[in-house]
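Okay, here we've got a single chain as structure tokens, the form predicted on its own, with questions on binding and movement later.
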């Protein structure tokens, strides 16, 4: 009787820790979020992505991450991050060549281990792989219009993105970016040019812009650590995006601006020091 009473509480504690860890890791929400919209795009929007392309991109992402983790002797729980990168590339980057997509994802994952400062990788992996493909491979492109203009879908994209960011603790980055960009576009299109509000709202009902805002610019591992830094960073990102898209007609401006703003992230981390983000606390990992 005494032995049973001692063993029973330890079993319950183990179950509670396991459940808490599953819900504590925000990457689980990100994976579900991105996978859901990838499935929606393929089944409802008729995206031309073959099963072979999906298998190659996701498989290579996991294999590349696994090999780097073994080489650097790091824990395997970060395989989830590789899956997030692979899903992001599938959602944003387009190419008829499997080789192009394969190279993009290998470069993306490898950049996390090769380009680092003080234990933190500099570039958003998906963004790095996409930019590399656009610059050096001729058959890669981004299609901002692939999402259509379904209001219900875009609303869902925004709401679920907000939930994920609440878990990560980076919601203010998206809010400041979209809010600043909207104010400048409102001033230019509605107040200065006299266009209808429908035109302005249509410009923001872009799945690529929303996905960028709720997924790519909020990567806690590659954006500034301090909250004040993230607010400054998001405002500058919005201003540059506004300028490039309106005055140089670069409609994929946020993707490019994010890439070239990397040095500013390093500077802001020095000006406003803060603790580096961790997906899982060490105490959780060890249980």
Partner chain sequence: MMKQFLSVLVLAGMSSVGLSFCGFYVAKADTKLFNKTSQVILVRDGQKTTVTMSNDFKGNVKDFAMVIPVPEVLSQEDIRVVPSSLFSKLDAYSGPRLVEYHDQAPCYQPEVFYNYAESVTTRADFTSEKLTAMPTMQDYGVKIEAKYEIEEYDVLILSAKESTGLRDWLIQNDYKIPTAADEVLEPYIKNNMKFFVVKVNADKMAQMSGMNKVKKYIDDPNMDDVKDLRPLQITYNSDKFMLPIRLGMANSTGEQDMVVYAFTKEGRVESTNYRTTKIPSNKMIPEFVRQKFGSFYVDLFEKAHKEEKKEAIFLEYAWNVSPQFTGMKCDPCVGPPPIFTDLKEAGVDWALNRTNQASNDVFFTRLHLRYARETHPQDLLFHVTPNKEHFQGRYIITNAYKGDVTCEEGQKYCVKVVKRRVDELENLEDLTAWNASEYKPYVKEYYNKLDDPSLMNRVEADPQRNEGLPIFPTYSNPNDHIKRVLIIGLLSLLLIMLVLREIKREIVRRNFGAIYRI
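Quick caveat: nothing in here was measured; it's all calculated off a predicted structure. Residue numbers count along the first chain shown, from 1.
The form predicted in complex with the partner chain is left out here; the points below concern that form.
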Interface stretch in the predicted complex with the partner chain - options 115 to 123, 133 to 141, 83 to 91, 213 to 221, non-hydrogen atom within 4.5 Å
133 to 141
Can you pick out, from 262, 53, 64, 229, the residue that has a heavy atom within 4.5 Å of the partner chain in the predicted complex?
64
Give a yes or no for residue 78: in the predicted complex, does one of its heavy atoms lie within 4.5 Å of a heavy atom belonging to the partner chain?
no
Can any non-hydrogen atom of residue 96 be found within 4.5 angstroms of the partner chain in the predicted complex?
yes
Contact between residue 42 and the partner chain in the predicted complex at 4.5 Å, heavy atoms?
no
In the predicted complex, residue 60 touching the partner chain (heavy atom, 4.5 Å)
yes
Could you list the residues in 95 to 123 that come within 4.5 Å of the partner chain in the predicted complex, counting only heavy atoms and keeping sequence order?
96, 97, 99, 100, 102, 103, 106, 110
